[in-house]
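What follows is a single chain, given as structure tokens, in the form predicted alone.
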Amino acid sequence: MTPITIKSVCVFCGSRVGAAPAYESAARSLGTALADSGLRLVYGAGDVGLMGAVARAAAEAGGQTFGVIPVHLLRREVGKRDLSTFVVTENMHERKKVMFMNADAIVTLPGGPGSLDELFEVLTWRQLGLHEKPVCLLNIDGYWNPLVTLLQHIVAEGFAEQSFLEFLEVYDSVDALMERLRSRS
């Protein structure tokens, strides 16, 4: 199959900044790097937490921003309306679909249950052969190490094929991740 050309990157991440300052720093660095590379940010349209940090940094660097938020989260996640594109969906399922359909690669920064839900949905779709988009994990300060260990355990216990581990590309820095994304843009 022909490699996908990356022009838009979907970023899943927390609606909180988390405990370590490195998470927000990485989100800002990623937003700036996406803009500097001419890659459009597709994200959850919130102006809070890591979501807000990545979007503000991308916009400040002159990048294109495509936000998607369900109507019930407009207040809670402070829907960021000064984006290049702002889409309001009826529910979370529609939000994930619109974000996925408007991106060529997926990146997950530190986050909570919502970020895990988004990540596992696109990983499952990849496992089922529904797409071949890169699915990347930005493992800032080892945040995702327990998840990587769990995925290895799932494979070792026979609940997924070894190839499942190849569907998730793990990067420890924004620079390493951006090198990968730029190689396909």
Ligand code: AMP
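All residue numbers are counted from 1 along the displayed sequence. Because the structure is a prediction, the values reported are computed rather than measured.
There is also a form predicted in complex with the named molecule; it is not shown, and the following applies to it.
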property: Stretch from 22-30, 56-64, 155-163, 114-122 whose residues place a heavy atom within 4.5 Å of the named molecule in the predicted bound form; result: 114-122
property: M92, V87, L83, V78 - the one with a heavy atom within 4.5 Å of the named molecule in the predicted bound form; result: M92
property: Contact flag, L34 vs the named molecule in the predicted bound form, heavy atom cut 4.5 Å; result: no
property: The named molecule contact at V9 in the predicted bound form, heavy atom, 4.5 Å; result: no
property: The named molecule contact at V98 in the predicted bound form, heavy atom, 4.5 Å; result: no
property: The named molecule contact at M51 in the predicted bound form, heavy atom, 4.5 Å; result: yes
property: Within 4.5 Å of the named molecule in the predicted bound form: residues from 7-45 (heavy atom criterion); result: C13, G14, S15, R16
